[in-house]
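In structure tokens, the next block holds one chain alone, the form predicted on its own.
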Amino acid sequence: MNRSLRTTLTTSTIALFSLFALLPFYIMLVMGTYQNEELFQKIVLVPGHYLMENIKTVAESRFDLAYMNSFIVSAASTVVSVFVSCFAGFAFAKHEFKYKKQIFSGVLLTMMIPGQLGLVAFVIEMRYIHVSSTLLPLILPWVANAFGIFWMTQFMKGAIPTEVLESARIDGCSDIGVFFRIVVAFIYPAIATLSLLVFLWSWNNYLLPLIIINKPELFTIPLAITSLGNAYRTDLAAQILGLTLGTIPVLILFIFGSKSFIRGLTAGSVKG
């Protein structure tokens, strides 16, 4: 088999699998253009004629407010998580202090505990400090992101030469200066990857908002989608259209950040 034929076969195979991967997303787009009852009558493969009515249903549910709430929560969660993870990862990877291994093991152990186990205690804590009627309880858990700390620690161990840090310290640069002037430049792919992951997890988070948010004006995208319809009828077509609209920001982020995302994953896998 010559090289050009092998390239053609590889390209065709990748294109075929890509089409299969995109098929569920296409069907989701199409289902959002049908009336609710029509979805149960046949398999829909071409766009319907009920798109504007579904858009009207979604718009009347204050979907724009849910969009803004989700964006505030996801953006703040990403900034907080990445900031704390970078500092903690720098400490674990490039500093020596007492009980470092034990503390890092404790951080790793928290990754083994299902988050659902602490939900009741977390809800009680939020009520105790009187922030349960705000968006703050959806952001605070990201302050202690064990995966982010582990990810940054492993990345910094392989990506940052210790000699460069020591040279900067000899030249009189403080630890804060070393971090912002040197470390950040080395770990940019890891920051981009972690930012995308945290934003995606926070954007799609359903369980915590469902338990702790009880005001419609504080609903995030997942809660707003489930609330579409009324007491007598669940509008599945409008919910699917809401899902499509809720996917757009994540798609945009991934399209513009895919190179950094892949570079961060690849570097982590090689050097970690």
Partner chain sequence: MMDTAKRKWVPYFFLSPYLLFYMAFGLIPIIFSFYVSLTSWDGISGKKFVGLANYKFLFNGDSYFFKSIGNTLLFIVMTLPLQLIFGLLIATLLYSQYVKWRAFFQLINFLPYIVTPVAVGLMFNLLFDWQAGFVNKVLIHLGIIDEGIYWLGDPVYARLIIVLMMFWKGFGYTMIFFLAGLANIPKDLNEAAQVDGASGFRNFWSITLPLLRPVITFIVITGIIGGFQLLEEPMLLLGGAGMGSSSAVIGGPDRCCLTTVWNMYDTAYGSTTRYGLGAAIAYGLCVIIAVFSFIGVKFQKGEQE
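Residue numbers count along the first chain shown, from 1. Note that this is a predicted model, so its numbers are computed, not measured. Only the largest set of C-alpha atoms that superpose within 1.5 Å between the two forms is called the rigid core.
What comes next is about the form predicted in complex with the partner chain, which does not appear here.
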Would G115 count as touching the partner chain in the model of the complex under a 4.5 Å heavy atom rule? yes
Could you confirm whether A91 comes within 4.5 Å of the partner chain in the model of the complex, counting heavy atoms only? yes
4.5 Å heavy atom contact, I149 to the partner chain in the model of the complex: yes
Check E96 for me: does it contact the partner chain in the model of the complex (non-hydrogen atoms, 4.5 angstroms)? yes
Looking at the partner chain in the model of the complex, which residues in 191-206 have at least one heavy atom within 4.5 Å of it? L200, W201, W203, N204, Y206
After a core superposition, would you say E37 shifts its C-alpha by at least 2 Å between this form and the one not shown? yes
